[in-house]
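The form predicted alone is given below as one chain in structure tokens.
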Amino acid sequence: MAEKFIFTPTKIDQLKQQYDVIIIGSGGAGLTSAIQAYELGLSPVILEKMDKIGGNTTRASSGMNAAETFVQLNHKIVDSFQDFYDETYIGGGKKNNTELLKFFTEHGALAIDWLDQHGIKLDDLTITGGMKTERTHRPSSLAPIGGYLVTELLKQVAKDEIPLFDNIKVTDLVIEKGKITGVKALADEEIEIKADAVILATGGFGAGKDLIAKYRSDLLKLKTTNQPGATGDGLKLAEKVGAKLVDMDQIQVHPTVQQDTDHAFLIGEAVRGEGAILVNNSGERFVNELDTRKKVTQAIDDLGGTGAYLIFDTDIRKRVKAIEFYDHIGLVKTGQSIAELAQKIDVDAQTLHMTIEHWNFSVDKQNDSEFNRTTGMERKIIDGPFYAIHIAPAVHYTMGGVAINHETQVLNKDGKVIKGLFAAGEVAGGLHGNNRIGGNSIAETVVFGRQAGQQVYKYLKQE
């Protein structure tokens, strides 16, 4: 059995006074941009404020969207950039920044190639809500995408000897004569590090109660799926040097979050993508489970605060490895029969049985006459034991953030570039419109993380 990889952050006494580029944040976007910058000959440094590496990326479970990939062709799926663009645009309420969306949908396949070249194989496919085609790439081990991606990128960071410091909180961006010249930060003491470019890869503000109170106070009572460090630091840093913020009131609530414990655990869309259904407290379906997150959330809210149950069988469970973790920590109810499962979750056994029978009939006919679901219908729910997870909506993703162009350059309130300042990942706003499609956030970190690394190189060459 392969040895478990353990990443060790760089010791603070190795921190230098100057680098080519400072990357703030160690999630998917930060790690990708650092590796790309290093491979172009730059000396990057990654600064992480938490004592845990990987940010929110480590919590992602479903996969990474991309169109026209070699993986899709290997699975005999013919896709197009245009379809990917259209479905994301419609899913985002046609409020997406079209410049960013065009770049994003046309560079996903290259990002899959780049990962593959680094030994990061996303060679299996599933589907998420709002998509009509299987374009959500994941490892064939079916391991949750986030932990797998962060671990593999960190192996690359370690191999390249890219310095990555934890427990360093950047407090200010230093700007002189209209150009970024470094950062001020807190470690054991106040420090200043010089660099002609900074990449913000700090994630969103899904755990930032102050910003949620400012922009969406109606969501304050909801739990969050975000790790504690997702407090919007990058947005505040950028705003202090004149950056424009966009779409800040667009906060995504994820429909399927198990939160009966102290922590909120996101139950990834892949569970529904592989065939699970949602039922209410009466044991009946009430929504197209793979509609956009916004619509599924609304349908659960309309049940009156009871939440709902994800129902699936052993066959579906085998297709989503994350369920092993959910079960291990006690989130999954099990029944050897449908009747036993109904008893465990306190719904009427006959109703649940009829619901599942009707669903299986719909799968056979490939026609969901009740809710017009057209995807995630490859498997019936027939193979016991049977399982249920209680879910309800929780704050998940912040679509708003720092304004950037497709070259990841941060823009000021006049739409002009702030020289030397770049942003990638959830810290940047505009790509997703008013609803993010599942599988697009991991894709965003890699697509725009690579772009940030490349554009910093181009910028520094011109200086």
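Numbering starts at 1 and runs along the sequence shown. Since the structure is predicted, the reported quantities are computational estimates derived from the model, not experimental observations.
In what follows, reference is made to the form predicted together with adenosine-5'-diphosphate (ADP), a form of this protein that is not presented.
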Using heavy atoms and a 4.5 Å limit, would one call Val417 a contact residue for adenosine-5'-diphosphate (ADP) in the model of the complex?
no
Just checking whether Asn56 would be counted as a contact of adenosine-5'-diphosphate (ADP) in the model of the complex - the rule being heavy atoms within 4.5 angstroms.
yes
Even though the partner isn't displayed, in the model of the complex is Pro255 close enough to adenosine-5'-diphosphate (ADP), meaning a heavy atom within 4.5 Å?
no
Any non-hydrogen atom of Ser26 within 4.5 angstroms of adenosine-5'-diphosphate (ADP) in the model of the complex:
yes
Note: adenosine-5'-diphosphate (ADP) not shown here; in the model of the complex, the stretch from 385-393, 94-102, 168-176, 75-83 having heavy atoms within 4.5 Å of it is 168-176
Just to confirm, with a 4.5 Å cut-off on non-hydrogen atoms, which of Gly229, Gly376, Gly130, Gly206 contacts adenosine-5'-diphosphate (ADP) in the model of the complex?
Gly229
Residues within stretch 432-462 having a non-hydrogen atom within 4.5 Å of adenosine-5'-diphosphate (ADP) in the model of the complex
Thr445
